[in-house]
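Okay, so here's just one chain, in structure tokens, the form predicted alone.
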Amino acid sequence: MTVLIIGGGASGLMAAITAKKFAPSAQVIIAERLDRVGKKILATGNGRCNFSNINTKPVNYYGKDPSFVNNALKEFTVSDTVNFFNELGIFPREEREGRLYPYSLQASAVLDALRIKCDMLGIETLLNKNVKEISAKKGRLRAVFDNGERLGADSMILAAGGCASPALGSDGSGFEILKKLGHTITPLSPALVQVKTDIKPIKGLSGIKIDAMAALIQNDKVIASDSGEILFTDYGLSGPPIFQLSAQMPFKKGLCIALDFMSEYSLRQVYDILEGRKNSLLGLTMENFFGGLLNKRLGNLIARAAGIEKLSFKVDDLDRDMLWRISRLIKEYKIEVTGLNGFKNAQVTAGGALTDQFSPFTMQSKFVENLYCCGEILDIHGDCGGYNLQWAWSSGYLAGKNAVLKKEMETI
């Protein structure tokens, strides 16, 4: 029995290892379009590889039918992931919000462990092999490479990724393969990426970082929120909280982000703080009013948004209404979302192969016998924080297991 796995990323490597576990005698081959497998793994978690999250639940995933993840997450849980990597020598380290990393904080350690395991199991890896098409005839599958070569297999697992970070292997080619086989690809969008916004409210802030609570708002309703370091750019916003919120932005309109620069204080407390500063800073101008409280450039921008046009405005002349306007802006500084940065900078792809056309119990195509899909190529993406790699491990495990067990049952 031969199993061909197209794509040597996280889900593809897991599928290969799992296939060998359940069918040691099977010939398992990985075809990778780049000159080495797992390049995207090296970039995860800022090079530290946030390989899972102890808080993983179906609610952390998005797509047309997020419930598609349910069975995979039950079949291969976070605990299974931790045990799997422990057996490969990767000792876990838990950090904020349940994020799991290798204790060494080196993504290369995770990739090396996976590669070594593949070598030990006798899994063959074909590098610089770009599959352009899959043909199916009487349950037998054949991959066609861009150089004209062909390779047949009893089962195939398409783990080609999405469109995010194309330099690391995900160029969207897997979607074209599935389209030719009759599968539907939902609209695609970058996710876990920087956010483009109206520039006017953040003019002059490019390059500065500020700790804040960020809330994603649509039609005056808060969809999600996260806190941490916000980076202001010349096109909009970046930083961990923004990446987190971006997971829920694709295909939504009328969005804005509201920043709370003093989230540990209530609106009334902020007003009282400002009133106290006024009384302490009499004789000074607005140029000095925010020093030691907010970033000076941010403070000046808030003052202008509150109607104070000149920094020469005297602190003594701040009245009650002005202080309340400033307080409200500090607690809820709204910035209109105009779009998302491109796939080049995105961590994952929102959208993909319509999951209704695959079995959530096996990952097998409902259109093409013995063809399985896993990972980012499916219309599933998760929150920032290890959830997308957990989906890669869980879906890869399910695809690898069923790709060989089904064929073994047929031979009995």
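Predicted, not measured: the structure shown is a model, and the values here were computed from it. When you see a residue number, it is the position in the sequence shown, counting from 1.
Not on display, but discussed next: the form predicted in complex with a small molecule.
Enquirer: Find the only residue in D260, D171, D226, D154 having a heavy atom within 4.5 Å of the small molecule in the predicted complex.
Expert: When the small molecule is considered in the predicted complex, the option within 4.5 Å is D171.
Enquirer: Work out which of V28, A346, L371, A350 lies within 4.5 Å of the small molecule in the predicted complex, going by heavy atoms.
Expert: By the 4.5 Å criterion, the partner-contacting residue is A346.
Enquirer: Within 4.5 Å, heavy atoms only: does K129 come near the small molecule in the predicted complex?
Expert: Yes, K129 sits close enough to the small molecule in the predicted complex that at least one of its heavy atoms falls within 4.5 Å.
Enquirer: Would you please decide whether D379 lies within 4.5 angstroms of the small molecule in the predicted complex, comparing each non-hydrogen atom pair?
Expert: Although the small molecule is absent here, D379 would stay clear of it in the predicted complex, with no heavy atoms inside 4.5 Å.
Enquirer: Hey, in the predicted complex, is F358 touching the small molecule, heavy atoms inside 4.5 Å?
Expert: No, no contact at 4.5 Å.
Enquirer: State yes or no: in the predicted complex, is some non-hydrogen atom of N50 no more than 4.5 angstroms from a non-hydrogen atom of the small molecule?
Expert: Yes, N50 lies within 4.5 Å of the small molecule in the predicted complex.
Enquirer: Only one of these stretches, 315-323, 200-208, 173-181, 329-337, has heavy atoms within 4.5 Å of the small molecule in the predicted complex; which one is it?
Expert: Only one stretch qualifies here: 173-181.
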